[in-house]
Structures are given as C-alpha cells and as structure tokens.
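Just the one chain here, laid out as structure tokens, in the form predicted alone.
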Amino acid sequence: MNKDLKVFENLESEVRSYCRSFPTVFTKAKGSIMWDKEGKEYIDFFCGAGALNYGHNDPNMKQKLVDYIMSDGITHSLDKATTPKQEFLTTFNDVILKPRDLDYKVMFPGPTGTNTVESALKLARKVTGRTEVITFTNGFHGMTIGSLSVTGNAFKRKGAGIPLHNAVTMPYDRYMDDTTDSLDYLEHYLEDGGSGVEVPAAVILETVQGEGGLNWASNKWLKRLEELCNRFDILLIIDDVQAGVGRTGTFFSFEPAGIKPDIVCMSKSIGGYGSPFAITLIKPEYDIWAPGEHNGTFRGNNHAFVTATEALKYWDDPAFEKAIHEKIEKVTSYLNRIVKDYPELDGYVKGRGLMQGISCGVEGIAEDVAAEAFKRGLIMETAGADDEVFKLFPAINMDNETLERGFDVIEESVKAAVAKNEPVTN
C-alpha cells in the first residue's frame, strides 16, 4: 500500500469507499484535472458524483468567494436574511425559474441531498395527511432513515439497522422489458381497492438513476406519471440532486418532458463550487410549513450562496446550454462506438445527457475498466446493483480537447479489461 495512505488505513473508519477506488492522495484540482501528491495528473470523469458539474475551482466563482471572505462577509447565519441569500434568490428566480415558467418557493433544508429529500417527504405527508410514499426500483435518495426508506439498494437499506416503512416500491420505466409500460401496474394498483395500501402522499423518483445504474425515464412515461399523480391527488417529487444543474443537458432534468413537479429536490452542483448546499423547491400552494417546523444549523451557507449565484450567470447565455448538448452528442457517439468495437463487453449504452455509461454483461468487467482508467490517469466510477455500469460524468463545461483525451484513456482501459477477461487456452 502507498505509505501516504497508511494514516487513512490506521485512523479513518472502515466506511470509507472512494479512497479505496482511487488509492492516492490528491493535492490540487483545476477545471477537469486533478493532481496527486506525486504530481500525477488525472482527468476527472467523476465530478464529485455530480457535485462539480462546473469542474474544480472555477475562476469566476473562486474570485467571488475570495472577495467575499476577505471582506469579512458572513459565513454562518442559520436562516437569517443575508445579502448573499438575497442575491441567490433573486438570480435563481430571474435566470432559472421565470424563463421556464416555473413558480416555486425556495426552501433551504440543510446542506446535503438527503436533507432536501427528507424535507420533501415530510412536507408531502403534512400537505396530504397521508403516510405512504411510492418509490421506484433502483432509486437512490440518500442515507438518512427517511431517504433510505425510498431507496432501492439492498446493501444501503440494510445499513439502517431497523425496518424501513411507509414506502411502496413500483417498477421504474422499462424495469420489466422495453415493451411493458410499468405505469399500467401503478395505475391498476391505485385504482384497485384490494391493493392493500391507501393512496400515497407522494411519488418520488430520479429521471435518470445515477447510483441505480443510469436507468432513465422516457418523456412519455414521465408525462403519464404526472397525469396519474394529478388524477389521484398525489404530490410528484423529482429528485434532481444528481441529474439536475445541466447534467442531462437542461438545467432541470425534467424539462424535456414538459412536466411541473410539485416538489423538486436539489443539491450537489446547485452550489456551483462544491460547497455543501441544498434547496427544496415547493409549489406555493404546498408551502404550509409553520416557522421553524423544519430547520437545520447549516441551512444558511453564505459561501455557497455566493458561488451558486455566480454559477447561475452561465445560464444567462443560451450558448452555454448549446455547448452542453454538443458534448452530449460526442459522448453518445463515442459510447456507441465502444459497444460496437468491443463486443467482449457484452454491453449497451445507458443513461442520458452527461450521465451516460456502458452496462456490461460480463461480471466484474466494468469495475476492471474503472480500475484500469485510474491507473492511466482518469477518474470514473461504476454504478448499478452489481456495479455493472462504468459511467462518464464529465464536467458540463469541459473543453473538447480534455474530453477527447478522456475518451482515449477509457478506450485503452477497455482494451486492458477485455484482455484481462479473455479465457486462458492451452
């Protein structure tokens, strides 16, 4: 083992995970490049699991943050009114919500993705007076008890240590096969008085399941789901923690479907710079919280307000979103070629936008590809119940040269993984 990692081995909890997949000590990062203690360069196709959509240390955000700190700007404020919060709310409304004809109240529930999910579940139950929540196969919504109850991964659910209740799992789009509409089952379930459970408070889902294996819901399926929710007076919650902020090509992942969720959960890249930050967007008619009914010590991260506001300025320019879509086309084309050129993967392309990857039919080969990529100076991770998908999460503003370099590294890694998995013959 690298001697520099011994301190982590000796002193840090066994629960650590990413430092096992990427066994080096990182010291510096800029844009889409990271460097370790030995000066080795790594292309980042991981982006903090979607928390760094704009890359590392964006110069505009960094300067705004440094200026704010040097001016003795407020860091911690609970939910007091501050200038950075005022500027964020105004900019978010003007740049993001109004142009998309969306009307939401903005709640600051705490700094992480699971905080926003917990607040959404609590509010949906308060609004409707019901307890059950419908979730979907392979969904992932966080690691606290409420969020785990609507998460599908058996390994993570087991970590709760107690039974997880008040959630009913339904099949996600194309869970059974490509021809069966899984919403037929959900509709029948809701209509049938003998299904065993009353109408739920809410439905929660990701439009693209990041941890669950890059499964994605079609626009038609999402639109029908919204119609079912409206018909049965169920709140629709979209968890856009990982798929939002341009990761799928539009600011919100649900925009192409033309739906307007009742509640939207956002975290990760909404802060722009990687600082802890989360928001819960609520249709005004459902914002029935009593003051202080849901709170948190770190719901007023002013440093994140500063960088989040600066990040939103990118979306003022239509060319920014256009450039994201151009990168998406490159990624899709590249992955389709890899599937064609390397049938040994027994793979197919999954996902949408800049959260795509290849699902491999050969056991363990996706993990081998990711490991080989790290050896060659590229950081990427796997997804799915059996880590069968190696996934590409480049920054949404990554330059084309770095993107192409990353493609080359991944292809070399695929070659190495395929060679490793070739059967030995006498």
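Counting begins at 1, following the sequence as shown. From a predicted model like this one, the values you see are computed outputs, not experimental measurements.
Another form, the form predicted together with another copy of the chain, is not on view; read the next lines as being about it.
Q: Which residue, 230, 218, 75, 336, has a heavy atom that falls within 4.5 Å of another copy of the chain in the predicted complex?
A: Result of the distance check: 75.
Q: Might residue 115 be said to contact another copy of the chain in the predicted complex, defining contact as any heavy atom within 4.5 Å?
A: Result yes; residue 115 sits at the interface with another copy of the chain in the predicted complex.
Q: Quick one: does residue 178 come within 4.5 Å of another copy of the chain in the predicted complex, counting heavy atoms only?
A: Output for residue 178 is no: heavy atoms all beyond 4.5 Å of another copy of the chain.
Q: With heavy atoms only and a cut-off of 4.5 Å, decide whether residue 260 touches another copy of the chain in the predicted complex.
A: Residue 260: no, not in contact with another copy of the chain in the predicted complex.
Q: Would residue 362 count as touching another copy of the chain in the predicted complex under a 4.5 Å heavy atom rule?
A: The answer is no: residue 362 has no heavy atom within 4.5 Å of another copy of the chain.
Q: Given another copy of the chain in the predicted complex, answer whether the residues 169, 185 and 293 all have a heavy atom inside 4.5 Å of it.
A: Yes: each residue has a heavy atom within 4.5 Å of the partner.
Q: Within 4.5 Å of another copy of the chain in the predicted complex, counting heavy atoms only, one of 352 to 360, 243 to 251, 320 to 328, 187 to 195 shows up; tell me which.
A: In short, 187 to 195.
Q: For the heavy atom contacts within 4.5 Å of another copy of the chain in the predicted complex, list the residues of 260 to 281 involved, in sequence order.
A: Residues within 4.5 Å: 267, 268, 273, 274, 275, 276, 277.
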